[in-house]
Each structure stands twice: as structure tokens, then as C-alpha cells.
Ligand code: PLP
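Okay, so here's just one chain, in C-alpha cells, the form predicted alone.
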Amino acid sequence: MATYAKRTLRSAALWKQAAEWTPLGVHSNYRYIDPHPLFVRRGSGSRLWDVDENEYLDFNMGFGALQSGHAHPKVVEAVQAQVAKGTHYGYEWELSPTVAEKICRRYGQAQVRFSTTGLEATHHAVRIARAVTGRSLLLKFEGGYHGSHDTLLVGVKPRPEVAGPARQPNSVPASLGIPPEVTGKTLVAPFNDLEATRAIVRAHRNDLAAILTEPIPMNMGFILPEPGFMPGLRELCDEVGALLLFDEVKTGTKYYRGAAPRVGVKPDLIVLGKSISSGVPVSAIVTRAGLLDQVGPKKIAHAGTYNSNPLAMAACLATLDHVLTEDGIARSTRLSDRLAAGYREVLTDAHLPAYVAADGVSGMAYFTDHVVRDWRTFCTVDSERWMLYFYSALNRGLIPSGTGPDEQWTISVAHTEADVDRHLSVLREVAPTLRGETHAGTIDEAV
């Protein structure tokens, strides 16, 4: 941290200025790090430059929102062309039907509504599920994050002392200001435990509107579902008449057609966001035929001044057509596989206990001697050792992943084999430092 502070004096000054007007000096809690957050001046391809002109090889990629890389020429061209024609109309843009068709065809669904953020999309998805089923309860999985609105800010990163039994977790609010009557409408189940989930669902079968999950949870690291778990959720929803909602805000572009085909399940509704528009704010609710038929005046409310904004739609169209192509994502997947193999080799050679989880264009290394399969096993990983790695890498010009032991790397179409080699060379360089004795602990966001 001392080295980081010396390298980022201008960031420290800007943070001091920002903190006078903004809590923590940042506009998202996840951007704050000690001793001060990083302030960025520009990005290009796989690189970022901070305000002190330090260059970073970036594998965070905007927390997964930039599989395009920074400032992809096709996206820049599309947005610049649209800016000259207007940034907002208050009416539908002439090409928004084209974008809607491309989204539905790519993800194998029949209807779509656009919003701006993932938070907005999951918020509306919950409302739609309740309206369509006439039921009020939701079920999510412990450790999963689906946006910071009251209904789903439950069981996100609970402290062990308040989390309750592992197989029947408590519905713990992840923020002050959430009324108990709201928290009580969200059930929490352990991920990768189908038997426990069945018991919770069947106990509330007549009032359960939906099960909501990421097909691959990416807010407690990178957790692949065990064989049979996702198909079991599909069968369970069909059994009790609930909807299956997939939050694919992160995973939706990490595979060409999203993660649903990867886990062998077709959900009733998919929420998309982040990289579908190369970092320009767009989200989408994509559903099977008929599910959105009740959306309209005096029925299911869905509105937003910036929904299908022409700048966002132009960026989304350019991304789908020219950036996140099938070939481009396949190439990124090969690079991610190579990075994961390199992590396993380096950490094994260094005699560091670690578990590497990776698939598609993302992955991560947990400093632990066991498989991480849910929130409870994530709580036992050595988070301090991971933070030592993060700062050690940052001081060598590498952002290895998202900030925190609960994040993962993202390989963009801008990354190269040389970038992967540089990433691994930094890991190899700092590995001896990581052998120092630390201890396990959960991240500060736990409530």
C-alpha cells in the first residue's frame, strides 16, 4: 500500500477533493480501496492510464463491462456518428427494432425490453415475475448479487454470525434502510445444494414467484454449477409453477449466446447488461413468448427516460455486429484457458495452496486448499493473501482482475497472447512474496 500511495499522488489529491463532496470520494462503494481509490485518465485496448500516467494492463475490464476492450474503434465510430444526430429523443430510435431482433435471436428468446442498468433490469424482472404468477416470494442464492435495490439486496455477503444454518440461510439485509417486511419476501438458499433448495422451495410452493440466479455466480469469485444443479432448478420451477430468472448481466457475453446454453437450461427470463454495449449503459430483459404481454399502461409498469437511448442502442448494435462476434469470443476463450493453465502452473511451482476456477472468458484464483462451491466455502479463502497479490500486481502495472477476492478476470477481444504472458510473469514475480503467512477473512462488504 505504501508503494501504491507513492505511485498515485495525483489520485490521492483528487480523492481528497472528491471526499469533500462525496461519501468515500467515489460514486460506487466498490471503487474505494485503501489508502485511496485510483483515478483514471484514459483507456485504450487492453490498457488504462491513471492520472499519474501510470500504465496498467487491465484484466478487470470495467468489472466485466468491457469485453470490447477500452475505446474499441467500431464502438467509438458508432457513438460519434450518433452524437452528431442527437443524444436523446424521447421517442424510439429508428434502429431500436433492429437491436431488439438481434438480441432476441442471439439469446434464443422472443421478447425484449431495454433499460439502462442491470439494477433496473433485475428490479423490473422481479415485478414482472410477481405480476405474471400472482405470487410474492422470490428465492435467490446466498452470496449472489443482483443489483442494489431493496428486494434483492438480501443474503449478498452475510457475516457468518448472522447468516444462519448453511442449508437454510437467513434472509439477511445487506444494507441499512431495508425494512424487515421487504427482506422477508426474499428467500435465500445455498448455491449448488439442490436438495436444500428443493426443501425451501417446496415449503413455499404456493407463494413462490421465481428463482433468480446467475448461471455462474460471479460475486463470490467464479463458481461453476455442479452437474445437475441448474437442470434441477428448471425442474423445480416447473414443479411449483414458478419462473426461472437468469441474471446474465455479467455472463451474457462471456459466451456467444450467454451462459444458459453452457449450463444446459433455458430460463423463462434473462437479464442482460454490461458488455452488450461495450460499457455504454444498457440493460435488457429478454423473455420467452408471452411473458411480457402484460407490460403496458395500467398493467405491468416498465418505463424509463433513457430506455433504448439512441447512443446506447448504437453502441449495442456495433458491439453485436462487429465486436463480440462468435470468432472474437472464441479467441478470448482460448486466451482465458491459457491464463488459467498458467495460474495453475505458477501457483503449483510456488507451493502456494490455490484453487483456480475458469470457464469462457473469465476465471480467478482462490488462495485455498479446497474447491469453492458456494458462499460458505468462499468465506474460508485467504482474502488477505489475495489483496497482497492485488497490490503487488498493481504496483507492477497489472490489474489482475476486479478489485477484491470475490471478483474475476475478463479477457477482452483486445487482449493478446503477449498480455497473457505479461500477466503470468507478474504472478511469477510476486509468488515468493505471497508465500508469507496470512489468514482467511471475508471482504469488507460483508454485513
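Residues carry their position along the shown sequence, with the first being 1. Since the structure is predicted, the reported quantities are computational estimates derived from the model, not experimental observations.
The same protein has a further form, the form predicted in complex with pyridoxal-5'-phosphate, not shown here; the description that follows concerns it.
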property	result
Proximity to pyridoxal-5'-phosphate in the predicted complex, single hit among 72, 157, 274, 124 (heavy atom within 4.5 Å)	274
Heavy atom within 4.5 Å of pyridoxal-5'-phosphate in the predicted complex - residue from 145, 191, 107, 222	145
pyridoxal-5'-phosphate contact in the predicted complex: residue 118, any heavy atom under 4.5 Å	yes
pyridoxal-5'-phosphate contact in the predicted complex: residue 214, any heavy atom under 4.5 Å	yes
Touches pyridoxal-5'-phosphate in the predicted complex: residue 284 (any heavy atom, 4.5 Å)	no
Residue contact check: residue 113 to pyridoxal-5'-phosphate in the predicted complex, 4.5 Å heavy atom	no
Segment that reaches pyridoxal-5'-phosphate in the predicted complex - one of 342-350, 159-167, 173-181, 247-255, heavy atoms within 4.5 Å	247-255
